[in-house]
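Take a look at this one chain, the form predicted on its own, written out in structure tokens.
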């Protein structure tokens, strides 16, 4: 009986010690481009293990997240799949100065789950007017814009445009291909690596489209948010950069 009472007392003391410790952490809300979903999950786990802060993550196409931020959505950090939209928010005074940086450089890939779908990717594309081909919406998704640029440079855009299946984000585009609603499509290379998918894969040469420079920025409302500030610092750490590189992204040499 005495032993049980002591255990209860010790539990009460531990609870009193832990509650203030948990209360010291802050919370940050992240708006993250859909292509970075799997990578963010790994980064977030490490962040939570190594800091007292918590994060809430929303994923979507860069264009839609950008529109939400402009309409006042309560995000603290914007991680886009391009650099234009973070630059635009900066020009509008909606970000903290000198916080924008490149956290990843994306790679575009043409993929079909069918291992025999193509050995000559350009010939496969040229014959795709009779078969559904998926891309992300170029107006809202930077990977879709890169796909459009690649098809244009190959002289195939006008031929294929009318028959394309368009995903609202690169995540939805990937699902179109994975589920067979499109025989092939342009997706982010990281999606294949993180989901360990086989099939026919063509790493689209980078000279066929503009670089997919993915930038992050701290939004104005988060200037005093310790969790958001800690996340921005964490993204530049050697540990975070190693995770990003392992998911198929290129990195800038210096930050």
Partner chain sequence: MTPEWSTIWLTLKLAAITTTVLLVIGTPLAWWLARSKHWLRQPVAAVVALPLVLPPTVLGFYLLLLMGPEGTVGQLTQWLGLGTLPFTFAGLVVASVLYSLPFTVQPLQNVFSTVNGRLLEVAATLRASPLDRFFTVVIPLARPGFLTAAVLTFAHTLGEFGVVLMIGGNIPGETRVLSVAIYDHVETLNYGQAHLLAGGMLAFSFLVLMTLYLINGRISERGLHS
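Quick caveat: nothing in here was measured; it's all calculated off a predicted structure. Residue numbers count along the first chain shown, from 1.
Keep in mind that the form predicted in complex with its partner chain is not shown, yet the notes after this line are about it.
Undergrad: Please determine, with the chain shown alone, which of 75 to 83, 115 to 123, 95 to 103, 136 to 144 has non-hydrogen atoms within 4.5 Å of its partner chain in the model of the complex.
TA: In the other structure, the partner sits against 136 to 144.
Undergrad: Among the candidate residues 56, 193, 67, 42, which is the single one with a non-hydrogen atom no more than 4.5 Å from its partner chain in the model of the complex?
TA: Residue within 4.5 Å of the partner: 67.
Undergrad: Would you check whether its partner chain, in the model of the complex, lies within 4.5 angstroms of a non-hydrogen atom from each of 132, 162 and 182?
TA: All of them do, each having a heavy atom within 4.5 Å of the partner.
Undergrad: So, in the model of the complex, is residue 149 in contact with its partner chain at a 4.5 angstroms heavy atom limit?
TA: No, residue 149 stays farther than 4.5 Å from its partner chain in the model of the complex.
Undergrad: Do residue 217 and its partner chain share at least one heavy atom pair within 4.5 Å in the model of the complex?
TA: Although its partner chain is absent here, residue 217 would stay clear of it in the model of the complex, with no heavy atoms inside 4.5 Å.
Undergrad: Consider residue 153 of the chain shown here, and say whether it contacts its partner chain in the model of the complex, taking contact as heavy atoms within 4.5 Å.
TA: Residue 153: no, not in contact with its partner chain in the model of the complex.
Undergrad: Even though its partner chain is not shown here, does residue 168 get within 4.5 Å of it in the model of the complex, heavy atoms only?
TA: Answer yes; at least one heavy atom of residue 168 falls within 4.5 Å of its partner chain in the model of the complex.
Undergrad: Going by heavy atoms, what in 216 to 244 lies within 4.5 angstroms of its partner chain in the model of the complex?
TA: Residues within 4.5 Å: none.
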